[in-house]
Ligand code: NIG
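In structure tokens, one chain follows: the form predicted alone.
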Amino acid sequence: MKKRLFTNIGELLQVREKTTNPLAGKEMSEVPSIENAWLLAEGNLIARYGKMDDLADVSDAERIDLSGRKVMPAWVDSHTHIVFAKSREEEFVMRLKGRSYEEIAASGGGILNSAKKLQQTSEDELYRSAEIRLNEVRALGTGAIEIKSGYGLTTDSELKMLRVIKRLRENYPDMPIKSTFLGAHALPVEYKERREDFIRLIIDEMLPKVAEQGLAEYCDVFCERGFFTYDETDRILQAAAKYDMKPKVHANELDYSGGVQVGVKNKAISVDHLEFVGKEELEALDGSGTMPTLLPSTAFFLDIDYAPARKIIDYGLPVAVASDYNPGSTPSGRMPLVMSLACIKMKMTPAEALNAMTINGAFAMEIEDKCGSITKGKLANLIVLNKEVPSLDFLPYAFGTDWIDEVYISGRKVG
């Protein structure tokens, strides 16, 4: 078993002996750390850590002297769509000229545009492009990721997307990759006047085949104005539960959709987006066990209102933050930028943002026993910061600086 001993760590951030519950409210402002530290990775796991003054000799380990650089756990990106066929920069220009996201979608753009391109793309080509994106975000410090389907919108194409995710999981066993079925992402043009037929297709054909082939752990629905209603979302999530697919919901991105409430009703692992949150949503989430997940780079790219992170945290709730990497509304998986946006635009503190993007993201993926903190027995997924980084607060402040020096996933250096 390969052993790596990291010594002379300037500060070891996010050190937690136990991670049994997500951090909520004021807890999110705390990031425990050890200054002048060491960390021992045995194989793919964190074995021990402590202060340099207490380091006993580990003669059979490869020693890596970090010379005062800081170390933090790798990002946990709990919401992405990195399996897609082509970029959509033409829609970006349309928005610059005044067309809204909903107008573009109604004219056959948006998700339907991606679906058309994906249906015409081979599985191998989809895999190659998704692998490039996965390696891109790994190099930027992402050590765990959730990937959704939803650009297929036919049974064959949804299964094709999910098989690509399965291949990524098989070929990158060093990092947790979760798969989510999002067949209810948009209504195909041919079903515009036959909504019920498409709902039945999802429930009677897609879900059984996804389950039979073991391709998804979660089922997500885009519960939103112009997409799927509260009742439709409820039906799909209840049908998915019969196949042991746990619920997630795209909720309240464009309006008050009821997505939060239907997610909580179905015991969703997370409800994601949440640009629109009022008293009813806060009360529904309180004590529910459902993780509110915010996607600030989506609001940035679409130029829409940001999720009210301060309101949610100050209410005493937990928050996770993810990238939403996708071709239409967030063509980036750059989590350092997401951290800056969370602080600058959603008024989260650097500590709150770090917690939201590590340990709370791990809870949103149900991998809190594997990722999200420096804890004995968890994966040695580590980000080594540049020597120039003086503090945690510097990370979102220096939004244009490449402050990641090295990335280790399961104890092995990436790149």
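Quick note: we count residues from 1 along the sequence shown, nothing fancier. The structure presented is a predicted model; accordingly, all values stated were derived computationally and were not measured.
What follows is about the form predicted in complex with this ligand, which we do not show.
- Tyr151 belongs to the set of residues with a heavy atom inside 4.5 Å of this ligand in the predicted complex.
- Using a 4.5 Å cutoff between non-hydrogen atoms, Asn326 counts as a contact of this ligand in the predicted complex.
- The shortest heavy atom separation between Lys248 and this ligand in the predicted complex exceeds 4.5 Å.
- In the predicted complex, at least one heavy atom of Arg88 sits within 4.5 Å of this ligand.
- Note on the partner interface in the predicted complex: the residue among Ser270, Asn252, Thr142, Thr298 having a heavy atom within 4.5 angstroms of this ligand is Thr298.
- This chain appears without its partner; in the predicted complex, the one residue of Val264, Ile111, Met72, Leu237 with a heavy atom within 4.5 Å of this ligand is Ile111.
- Annotated contacts: Tyr172, Lys370 and Tyr408 are all free of this ligand in the predicted complex [non-hydrogen atom within 4.5 angstroms].
- The chain is drawn here without this ligand; in the predicted complex, the stretch among 333-341, 130-138, 74-82, 172-180 whose residues come within 4.5 Å of it by any heavy atom is 74-82.
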